[in-house]
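Next comes just one chain, in structure tokens: the form predicted on its own.
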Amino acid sequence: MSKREERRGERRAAILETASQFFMEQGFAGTTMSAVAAGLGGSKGTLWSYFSSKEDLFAACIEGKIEAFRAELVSVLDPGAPLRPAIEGFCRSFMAKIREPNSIALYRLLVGQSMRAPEAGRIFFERGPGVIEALLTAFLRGQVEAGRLRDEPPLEMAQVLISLCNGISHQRLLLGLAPDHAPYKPPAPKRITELFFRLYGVAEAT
């Protein structure tokens, strides 16, 4: 990588860090490209040379936040690994991620802004939860084709597993309620995996 490319990468990272702070504090609707440029101490033209719109900038912020998590899930959902540990590993990683304070704050922000800026919710889903759903669906499709899971629609299977991981406790977290006391304590990843295999498992995979 040349010095010029390195500097451009550092500048882009600085833009995303500043923009992320604005989006979290001001919301999507309340954030402007001019405000982000001012926060960076540069010109709006410089910002536009990296991102062509506020939507592109927001999408890049979401992608930056999910990049490491996506890489983690790619490793967990290894098609060559034993199936049951892979499913349990997904549950553990996913449940930990959606319960992080930053994740909860972002969900709350987007729900609160959904009427004023519905495009923000669409971008978030496409670049965040939608990516995870597609990754899990592809993995499950391969397991169905290999005969290790029942012949059911992989997308439906992925959505069921994600819903089991979300559970009622995630809803309580979003509402600021105590999430981890019975009867709202989320099932352990191992228990969710057992439930998933009751629905979709075959004898060879259990």
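A residue's number is simply how far along the shown sequence it sits, counting from 1. Source: prediction; values computed, not measured.
Form predicted in complex with a further copy of the same chain: not shown, discussed below.
**Student:** Look up in the predicted bound form whether Glu88 has a non-hydrogen atom within 4.5 angstroms of a further copy of the same chain, and give yes or no.
**Tutor:** Because no heavy atom of Glu88 falls inside 4.5 Å of a further copy of the same chain in the predicted bound form, the answer is no.
**Student:** Contact with a further copy of the same chain in the predicted bound form for Gly167, defined as at least one heavy atom pair within 4.5 Å: yes or no?
**Tutor:** Output for Gly167 is yes: heavy atoms within 4.5 Å of a further copy of the same chain.
**Student:** With the partner left out here, check for me: in the predicted bound form, does some heavy atom of Glu25 sit within 4.5 Å of a further copy of the same chain?
**Tutor:** Yes - in the predicted bound form, heavy atoms of Glu25 and a further copy of the same chain come within 4.5 Å of each other.
**Student:** Although the partner isn't part of this model, could you tell me whether Val202 comes within 4.5 Å of a further copy of the same chain in the predicted bound form, counting any heavy atom of the residue?
**Tutor:** No, Val202 is distant from the partner.
**Student:** Given that a further copy of the same chain is left out here, which of Ser53, Thr32, Ser163, Thr46 has a heavy atom within 4.5 Å of it in the predicted bound form?
**Tutor:** Spelling it out, the residue with a heavy atom inside the cut-off is Ser163.
**Student:** With a further copy of the same chain left out of view, choose which of Ala38, Ala146, Leu177, Ala138 has a non-hydrogen atom within 4.5 angstroms of it in the predicted bound form.
**Tutor:** For this set of options, the contacting one is Leu177.
**Student:** Scan 85 to 114 and note down the residues that get a heavy atom within 4.5 Å of a further copy of the same chain in the predicted bound form; none is a fine answer too.
**Tutor:** Going through 85 to 114 in order - heavy atoms within 4.5 Å of a further copy of the same chain in the predicted bound form - the hits are Tyr107, Arg108, Leu110, Val111, Gly112, Ser114.
**Student:** Since the C-alpha distance between Ala146 and Phe69 changes by 3 Å or more in the predicted bound form, give its direction relative to the shown form: closer or farther.
**Tutor:** Relative to this form, farther apart in the predicted bound form.
**Student:** Quick one: in the predicted bound form, is the Cα gap between Phe69 and Gly121 smaller or bigger than here? Answer closer or farther; it shifts by 3 Å or more.
**Tutor:** Note: Cα gap between Phe69 and Gly121 shrinks in the predicted bound form.
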